[in-house]
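Before any questions on how it binds or moves, here is one chain, the form predicted on its own, in structure tokens.
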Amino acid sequence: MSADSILVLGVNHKSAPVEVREQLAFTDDPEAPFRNMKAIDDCAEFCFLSTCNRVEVIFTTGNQQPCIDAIKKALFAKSTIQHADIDKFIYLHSGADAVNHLYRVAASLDSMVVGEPQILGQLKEAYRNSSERQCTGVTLNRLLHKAFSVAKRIRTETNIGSSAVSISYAAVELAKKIFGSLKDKKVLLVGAGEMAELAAEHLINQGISEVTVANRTLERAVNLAKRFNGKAVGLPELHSQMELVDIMVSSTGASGLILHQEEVKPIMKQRKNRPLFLIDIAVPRDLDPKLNDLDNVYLYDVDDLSQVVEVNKAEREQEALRAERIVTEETLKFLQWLEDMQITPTIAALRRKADLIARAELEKTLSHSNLTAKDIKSIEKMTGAIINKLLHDPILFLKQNHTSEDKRAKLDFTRKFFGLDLEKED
């Protein structure tokens, strides 16, 4: 199979708006894409990937245009997109570009947030779903597994995913710098804002032992606390709760400060000066900036966290350049494997033809001889050695590194020179 037989067709957050992407979701009938694409005769292998930001089909075919048309039809079958408009939203890669694209997707270089790890898990699941339904074969099995190892190599050799690029996760990274491990630490959410909720999710993933939610409306506090198996309290209990926790995330909709330096001084005495990490995600701010002047109080507001995020984003961009180099290198390796795969059938045919001729000639000659079994074995061994020596240079000629065009020309020449396709033509 040549590299040109590998294609990727799809839409993502760059090529199509969400109102188009959501029409390609098969949530009501998850088997539909597999069923529809398996019915395409020209599609030899395929892997179907569907996430909130992309819908892609990685496939192989020996008959490109009819297969591309059929896959487009299958993907957009239930959408309201006019047929004439489909090409405005899709991208299509083939050969080296398709391999390169897949590796970039696996390594999260094509993601909305470069370096986010979720896409690799989603690609693995897509591959598992496709292979379990016998939709993949030798080429895509190899290609997908290589994509996973390329992503792993990039994670190992670069720092592309090591720094936080969201406000909520940046807060968690700072908390880890203050406390080391967050295991068994207690967190207090003040207000029920979405960003505080996200920060709490990240904190829980780091082993936080207890979540308390304080809100002006107790009912909202109860509902949010349920999500984290935590407890809910009213806002008047804020000071007493601060004596107990290690981290406080504040995101109320108050128009002014809800906590002043003078109020926290006595709380720190009650805490015996245990470190207190305060994250103020509210705009306007909830917490008095002077709190940072108190010993063992660490206050970060949304601007502080934004600066951390911007620095981290710049670092990720630098790491992405290193990752792109790895993708290019690994793409070339895969193309080399494909080219070697093209050579293998010709070498096998060459050996088969030589063996058939030698066997026929041996049978003809030995049928009229009175040679012993030992002599016959020696002649057969000698014949095998002659075949190997005769084929050595042609095989070496085929395996030598050249451009793809040269390699194809050499394959054509060798097959014609040794008449390897004559039987097929007959």
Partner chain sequence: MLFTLSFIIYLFATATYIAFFVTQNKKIRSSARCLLFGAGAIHTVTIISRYLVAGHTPLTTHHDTISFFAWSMTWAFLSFRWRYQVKNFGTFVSLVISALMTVAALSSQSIAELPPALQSAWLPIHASIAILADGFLAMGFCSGLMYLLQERELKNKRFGVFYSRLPSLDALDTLIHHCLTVGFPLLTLGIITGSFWAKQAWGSYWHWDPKETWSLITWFIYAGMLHQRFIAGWRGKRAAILAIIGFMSVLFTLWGVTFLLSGVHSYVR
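In this text, rigid core is short for the largest set of C-alphas that superpose within 1.5 Å between two forms. If you're wondering where the values come from, they're calculated on a predicted model, not measured in any experiment. Numbering follows the first chain given and starts at 1.
Only in words, not in the display: the form predicted in complex with the partner chain, which the text now covers.
*Asks:* Any chance G180, N296 and D304 all have a heavy atom within 4.5 Å of the partner chain in the predicted bound form?
*Replies:* Yes: G180, N296 and D304 each sit within 4.5 Å of the partner chain in the predicted bound form.
*Asks:* Please tell me which of F89, F228, Y300, F76 lies within 4.5 Å of the partner chain in the predicted bound form, judged by heavy atoms.
*Replies:* Of the candidates F89, F228, Y300, F76, Y300 is the one lying within 4.5 Å of the partner chain in the predicted bound form.
*Asks:* Could you tell me which one of K152, K124, H260, K176 places a heavy atom within 4.5 Å of the partner chain in the predicted bound form?
*Replies:* Looking at K152, K124, H260, K176 one by one, just K176 meets the 4.5 Å heavy-atom criterion.
*Asks:* 90-98, 115-123, 350-358, 304-312: which one contacts the partner chain in the predicted bound form at 4.5 Å, heavy atom to heavy atom?
*Replies:* This holds for exactly one stretch, 304-312.
*Asks:* Evaluate N273 for contact with the partner chain in the predicted bound form, applying a 4.5 angstroms cut-off between non-hydrogen atoms, and reply yes or no.
*Replies:* Result yes; N273 sits at the interface with the partner chain in the predicted bound form.
*Asks:* Answer with yes or no whether N292 is in contact with the partner chain in the predicted bound form, where contact means some heavy atom within 4.5 Å.
*Replies:* Taking the distances in the predicted bound form, the answer for N292 is yes, it comes within 4.5 Å of the partner chain.
*Asks:* Is the C-alpha displacement of G137 equal to or greater than 2 Å between the shown form and the other one once the rigid core has been superposed?
*Replies:* Comparing the forms between the shown form and the other one, which are aligned on their rigid core, G137 does not shift its C-alpha by 2 Å or more.
*Asks:* Taking the rigid core as the superposition reference, indicate whether the CA of K265 shifts 2 angstroms or more between the shown form and the other one.
*Replies:* Shift at K265: 2 Å or more after core fit.
*Asks:* Align both forms on the core first, then report whether R274 has a C-alpha shift of 2 Å or more between the shown form and the other one.
*Replies:* Comparing the forms between the shown form and the other one, which are aligned on their rigid core, R274 does shift its C-alpha by 2 Å or more.
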